[in-house]
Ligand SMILES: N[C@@H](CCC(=O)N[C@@H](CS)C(=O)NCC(=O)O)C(=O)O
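First comes one chain, alone, set out as structure tokens in the form predicted alone.
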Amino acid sequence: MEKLVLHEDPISGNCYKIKLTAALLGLRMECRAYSVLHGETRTPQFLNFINPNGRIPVLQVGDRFLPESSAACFYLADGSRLIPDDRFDRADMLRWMFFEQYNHEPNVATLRFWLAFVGEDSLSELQKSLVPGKKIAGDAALKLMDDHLATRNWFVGESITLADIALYAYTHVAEEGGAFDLSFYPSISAWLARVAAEPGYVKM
């Protein structure tokens, strides 16, 4: 495999997904850090050479650049134990990865970033007005996950997949900022412990 470089912000769960995927597969990857809070992904250098969309993570493979966390995780895991062999299970894995991006991340991850890193006093009036709705939507996503995990150990199949990695990243730090309380979700809590017990696991 060509040299792997992850252009990341260490506080980002989306970046952590890629690092966790690589770690579980025993892949070596260099990390280069940028601060989103300080606008380091909006510089001409970053926009011209790393990602014209001005966002992280970006996985660099040799001299090619692959933005978007799910795409990067899939690249790393293609052909590995983290992607199911069964055709339906592969599609179901993608279903949960899409769920994470559309239902979970915009609410759970956004509130963590706003409240734990930006600070409630620094939010715009619009952002402050969105907090209650995102709290409701985030809890709805966590309840759906908890209900699913009440009868199974993993989101898809009988072992960890990219679906678990995608959802783990922001769920295990959901309480940062104070918007969510994981003690209300016992099945999620048990699942978090299973992920953390996987060989090769690395902390965020």
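Numbering starts at 1 and follows the sequence shown. Just so you know, these numbers come straight off a predicted model, no measurement behind them.
Form predicted in complex with the named molecule: not shown, discussed below.
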Which listed residue (K143, R42, R32, K135) meets the criterion of a heavy atom within 4.5 Å of the named molecule in the model of the complex?
-> R42
Select, from the options 84-92, 114-122, 67-75, 127-135, the stretch whose residues sit within 4.5 angstroms of the named molecule in the model of the complex by heavy atom distance.
-> 67-75
Flag V156 as yes or no: does it have a non-hydrogen atom within 4.5 angstroms of any non-hydrogen atom of the named molecule in the model of the complex?
-> no
The named molecule contact in the model of the complex: G54, any heavy atom under 4.5 Å | yes
Just to confirm, N103 within 4.5 Å of the named molecule in the model of the complex by heavy atoms?
-> no
Report yes if any heavy atom of V36 sits within 4.5 Å of a heavy atom of the named molecule in the model of the complex; otherwise report no.
-> yes
Of the residues spanning 164-178, the ones with some heavy atom within 4.5 Å of the named molecule in the model of the complex are Y170
